[in-house]
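Just the one chain here, the form predicted on its own, laid out as structure tokens.
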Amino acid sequence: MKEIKIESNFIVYNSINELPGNIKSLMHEAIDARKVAYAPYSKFEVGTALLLDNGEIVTGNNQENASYPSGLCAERTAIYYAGSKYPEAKILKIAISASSKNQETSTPIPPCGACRQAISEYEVKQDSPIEIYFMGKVGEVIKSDSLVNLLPFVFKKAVL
């Protein structure tokens, strides 16, 4: 038997105003996407903006459905669109903003498990890390240098 110790490191910005200029702009794109999310059931709105290596910015937001499993998260909406529209482009950075109409979201909200798996798929596909920035409606912003930092044991095609 052996023990494995895994360490994750994050950078925490006190607010969106502390972000580097290009990331601040990307987060504002995510906020704008969040504001038009379709979330009539959960009242939990999420917006995402991706920066691609070709300079394009792709946004997405969560799209709910009365049949809950039929909806799609903001991150996967944007990632799958980017993969369809720009199949050769690499995703460099992801900005995520989430808020609830039921309460103030002032703590950073990371991607859910399904979205982590989708981000992982693209990190593996492009063989390079994707920086992830996430926040609530207000407050701190957390930066992760890659998805592997959030999900150290990734499920990937090599195991299939």
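Note that residue numbering begins at 1 and tracks the sequence as displayed. Being a predicted model, the structure only gives us computed values, none of them experimental.
Another form, the form predicted in complex with tetrahydrodeoxyuridine (THU), is not on view; read the next lines as being about it.
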Report task. Using heavy atoms only and a 4.5 Å cut-off, decide whether all three of Ser42, Cys73 and Cys112 touch tetrahydrodeoxyuridine (THU) in the model of the complex. Result -> yes
Query raised in the report: With the cut-off set at 4.5 Å between non-hydrogen atoms, does Thr59 touch tetrahydrodeoxyuridine (THU) in the model of the complex?
Result: no
Query raised in the report: Within a 4.5 Å heavy atom cut-off, is Val46 in contact with tetrahydrodeoxyuridine (THU) in the model of the complex?
Result: yes
Requested in this report: May I ask you to check whether Glu131 falls inside a 4.5 Å heavy atom distance of tetrahydrodeoxyuridine (THU) in the model of the complex?
Outcome: no
**Report entry** Any non-hydrogen atom of Glu64 within 4.5 angstroms of tetrahydrodeoxyuridine (THU) in the model of the complex
**Finding:** yes
**Report entry** Candidate stretches 112-120, 24-32, 49-57, 87-95 - the one whose heavy atoms come within 4.5 Å of tetrahydrodeoxyuridine (THU) in the model of the complex
**Finding:** 112-120
